[in-house]
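Quick setup: one chain, the form predicted on its own, written in structure tokens, and binding and motion questions come after.
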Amino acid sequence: MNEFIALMLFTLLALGFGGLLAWAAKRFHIDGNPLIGQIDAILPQTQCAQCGYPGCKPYAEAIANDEADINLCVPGGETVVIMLSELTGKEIKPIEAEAKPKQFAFIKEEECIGCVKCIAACPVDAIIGAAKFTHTVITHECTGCELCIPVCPTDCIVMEEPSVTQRNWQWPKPVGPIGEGARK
């Protein structure tokens, strides 16, 4: 009998707290701009700050509030600008920063003192290491944002282009309209 009373008491408490939570969710509901989430989903999520904002979410908020142009995302490139233009109806403009080849950070391990400042600066956790130990970069995770370079006290971080191997080689992109060569 005591077990039945305890079970009923817990059931009533659960229903009471559930009702309280449901009431609070309706009472304190905040409407957000759904466009911000859609813009944020298009952005590459590198959190590199190359657009002038501390991350992709603040940049998405600025675009949705007409405080920023859609052409500031360097890692996203032309593809992101086109997608943002289609979503927001804004005019397509060329990317403001000059296009750079894909690069990644490389740590000269013999000069690294293990200060962990680069680890704290990396927005995508591409640098691994521990305090007072040599650090290294996980190259396929590095976005090339260069945020680790200015914080390094020994200047042991350099940007390098990935070397071409059999695993990462790709066909060159075609130049000109498709089928142009066949017509000649």
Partner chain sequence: MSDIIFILISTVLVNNFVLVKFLGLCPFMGVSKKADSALGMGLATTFVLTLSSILSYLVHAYLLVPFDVEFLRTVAFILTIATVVGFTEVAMRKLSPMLYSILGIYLPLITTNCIVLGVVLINVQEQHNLLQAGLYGFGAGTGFALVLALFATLRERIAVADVPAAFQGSAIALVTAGIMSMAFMGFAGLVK
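Numbering follows the first chain given and starts at 1. Being a predicted model, the structure only gives us computed values, none of them experimental.
There is another form of the same protein, the form predicted together with the partner chain; it is not shown, and what comes next is about it.
- Judged against the partner chain in the model of the complex with a 4.5 angstroms heavy atom cut-off, the residues 2, 23 and 28 are in contact without exception.
- Comment: the partner chain is not present in this chain, but in the model of the complex one of 35, 124, 128, 151 has a heavy atom within 4.5 Å of it, namely 35.
- The closest heavy atom approach of residue 113 to the partner chain in the model of the complex falls outside 4.5 Å.
- A residue is said to contact a partner when one of its heavy atoms sits within 4.5 Å of a partner heavy atom; residue 89 meets this definition for the partner chain in the model of the complex.
- Though the partner is left out of this view, residue 14 does reach within 4.5 Å of the partner chain in the model of the complex, counting heavy atoms only.
- For the chain shown alone, residue 10 is a contact residue for the partner chain in the model of the complex, at least one non-hydrogen atom being within 4.5 angstroms.
- Across the options 113-121, 129-137, 35-43, 52-60, residues that bring heavy atoms within 4.5 Å of the partner chain in the model of the complex belong to 35-43.
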